[in-house]
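The chain below stands alone and is given in structure tokens; this is the form predicted alone.
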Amino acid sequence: MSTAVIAVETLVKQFPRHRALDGISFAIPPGVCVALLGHNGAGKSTLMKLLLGLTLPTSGTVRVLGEDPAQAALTFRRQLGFLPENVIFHDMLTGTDTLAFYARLKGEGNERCAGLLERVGLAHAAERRVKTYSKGMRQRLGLAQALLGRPRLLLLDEPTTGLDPMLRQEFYRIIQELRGEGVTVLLSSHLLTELEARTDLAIILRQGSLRAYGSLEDLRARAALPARLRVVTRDGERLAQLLEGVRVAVLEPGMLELECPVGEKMHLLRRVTQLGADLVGDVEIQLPSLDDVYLHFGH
């Protein structure tokens, strides 16, 4: 726990009418990207506010970069970057003016502002007023302000909202660069498909409780979810007969889906391919996805 960037121990947050977090504990090591998952009302936003020191725990402890975020000094806050889900900036300021304002709040000069605007793809609009920015442009401006101060920890709440596929790819490229520099990223998103290959760990909350925490590989093993083989075949009935004991489903004419434990997928693949090209046209292996893992633990 002493080396963790974030360390949470039996954390409870009680509001008058509901308990937002119910005794959760976890520790996040440095330099990883962590997906924070849960339905609306699961406690994700409350957790982020506690990590930022914007609200106090009812009981339990929160340590961020080794400090209590609610009591930490400005030097601590300079090491954090935060991008909220709904970014609001002053419409009459330009992109440059907006970033300069936030730089002053972090006690930083304006030297990096132009470079950050270029890094997030806003150099061409730096002198335009924010009121002319699209939602995606405002989101990128929000990412630029989160990167001020060279943060060691980034907290990002639905950061790719409003970004088209190309800009989402660019966003994750920046995140990958930051991870290479040792920055830790906690990222809340409902877009599980795009997170799957880009995060090291996942936290799954449900109604304020910690349902699961670990790597996707670990969570797959704990959930005991099956692997699936999709097989293109010229004779589905014959193939199903030859694979006695295997769970088989017909997806469409000429395509079957086979299920097996993840650890047995290669054995099943060999059985299928040994049936020959006259019967098997193609095979695709599908491991349990982050969506599958989330549905298992989060519902």
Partner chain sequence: MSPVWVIAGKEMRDATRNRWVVSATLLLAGLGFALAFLGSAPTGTLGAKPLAVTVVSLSSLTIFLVPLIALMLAYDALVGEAERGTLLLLLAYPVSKGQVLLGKFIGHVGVLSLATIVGYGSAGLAVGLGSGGADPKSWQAFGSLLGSSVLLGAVFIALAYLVSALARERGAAAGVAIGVWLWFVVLYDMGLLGVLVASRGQIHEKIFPWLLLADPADVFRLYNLTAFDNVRAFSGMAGLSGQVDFSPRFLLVVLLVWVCVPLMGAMIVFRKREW
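Positions refer to the first chain, counted from 1. Everything quoted here is computed from the prediction, not taken from an experiment.
Just so you know, the form predicted together with the partner chain exists too; it's not on screen, but the next bit is about it.
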Tell me, out of V232, L242, L251, L54, which residue has a non-hydrogen atom within 4.5 angstroms of the partner chain in the model of the complex. L54
Which of these residues, L105, A224, A114, M166, gets a heavy atom within 4.5 Å of the partner chain in the model of the complex? L105
If contact means any heavy atom within 4.5 Å, which of 209 to 217, 89 to 97, 116 to 124, 168 to 176 contacts the partner chain in the model of the complex? 89 to 97
Contact flag, R77 vs the partner chain in the model of the complex, heavy atom cut 4.5 Å: yes
May I ask you to check whether L148 falls inside a 4.5 Å heavy atom distance of the partner chain in the model of the complex? yes
Considering non-hydrogen atoms and a 4.5 Å limit, does the partner chain approach G162 in the model of the complex? no
With the partner left out of view, is R228 within 4.5 angstroms of the partner chain in the model of the complex by any non-hydrogen atom? no
Near the partner chain in the model of the complex, with a heavy atom at 4.5 Å or closer, the residues from 221 to 245 are none
